[in-house]
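In the block that follows, a single chain appears as structure tokens, in the form predicted on its own.
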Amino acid sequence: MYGSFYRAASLKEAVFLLAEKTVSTKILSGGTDLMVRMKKGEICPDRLLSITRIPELAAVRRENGKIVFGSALTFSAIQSSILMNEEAPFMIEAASQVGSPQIRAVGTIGGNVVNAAPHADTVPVLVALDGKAKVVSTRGEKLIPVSELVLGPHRTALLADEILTEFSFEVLQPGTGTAFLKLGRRSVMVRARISAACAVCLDDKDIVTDVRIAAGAVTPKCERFRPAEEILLGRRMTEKGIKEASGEVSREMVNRGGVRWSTEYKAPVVSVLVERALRIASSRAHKEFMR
């Protein structure tokens, strides 16, 4: 399956090893997806490079109005993060629905993004947050919006010598409610057939001051549905508005991906799922405002 295994003790060492051009290297960060692909023979690197013992890649912190967290943060660690619960509770909802407890104990958010599977649970949340990914190589570092990092099914903008080290997002406005919902073939340990991540901020007159809508597994790449957001933004949140915005998500899904064999099912269902997520996020925004 692979020639050798190495566990990097620091980010500097990992970057140096990954830059070696005579050895094909794959980053191991949890490995819950990577090992499956290696067993299938889809990937056969000369070396596996583990980054799970690099402390800064598994930390969460608040920094200059942003929440910053390492790419090697496990889903279990996200679930127990007080800071994440305060600032992006729908990320915890997404992390808690990834696979089984065993998978969540070792699987990482960085691996979830780099694997770039359409059903990745955390990607719609990161996109709704306008999350940015920090990428490091021997040439330096750069920030890439997550919506631009994931190019499509199992394709990212990462180069072979680059390491995804952390994510960041601007803290949401006070009083914002969030929600993540996903739909699969069964109720537990399920890959999302469709997922929805929404954030809504309301003022004291129920006027929408901020709204973000993202959906997973419905378009070639995960991006916010801004036309649907514009239907709600600056207006009073009503059932009629929620239904109009949800319907726009369905239409935009078809515009982006075209009509496929699954469109007959997904077009009405994504509308219903986004509608429910918007309703839950709005309800939570009300509660936040009343605090």
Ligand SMILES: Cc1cc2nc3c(=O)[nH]c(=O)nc-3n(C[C@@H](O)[C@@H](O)[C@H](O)COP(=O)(O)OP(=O)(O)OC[C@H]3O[C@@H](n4cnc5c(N)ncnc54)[C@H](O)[C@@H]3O)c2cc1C
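Residue numbers run from 1 along the displayed sequence. Keep in mind that what you see is a predicted model, and the values were worked out from it rather than measured.
Quick note: we don't show the form predicted together with this ligand, though the next part is all about it.
Taken together, the three residues I51, H119 and I163 all come within 4.5 Å of this ligand in the predicted bound form, as judged by their closest heavy atom. In the predicted bound form, L28 approaches this ligand with a heavy atom inside 4.5 Å. Interface membership of Q97, defined by any non-hydrogen atom within 4.5 Å of this ligand in the predicted bound form, is confirmed. Of the heavy atoms in K182, some are within 4.5 Å of this ligand in the predicted bound form. Using a 4.5 angstroms limit between non-hydrogen atoms, V146 is distant from this ligand in the predicted bound form.
Contact with this ligand in the predicted bound form, defined as any heavy atom within 4.5 Å, is confined among 102 to 110, 79 to 87, 211 to 219, 137 to 145 to 102 to 110. Between this ligand and the residues L202, A133, V114, V127, the one pair within 4.5 Å by heavy atoms in the predicted bound form involves V114. Among the residues E229, E223, E248, D33, the one placing a heavy atom within 4.5 Å of this ligand in the predicted bound form is D33.
Residues I51, S71, F75 of 49 to 88 are found to place at least one heavy atom within 4.5 Å of this ligand in the predicted bound form.
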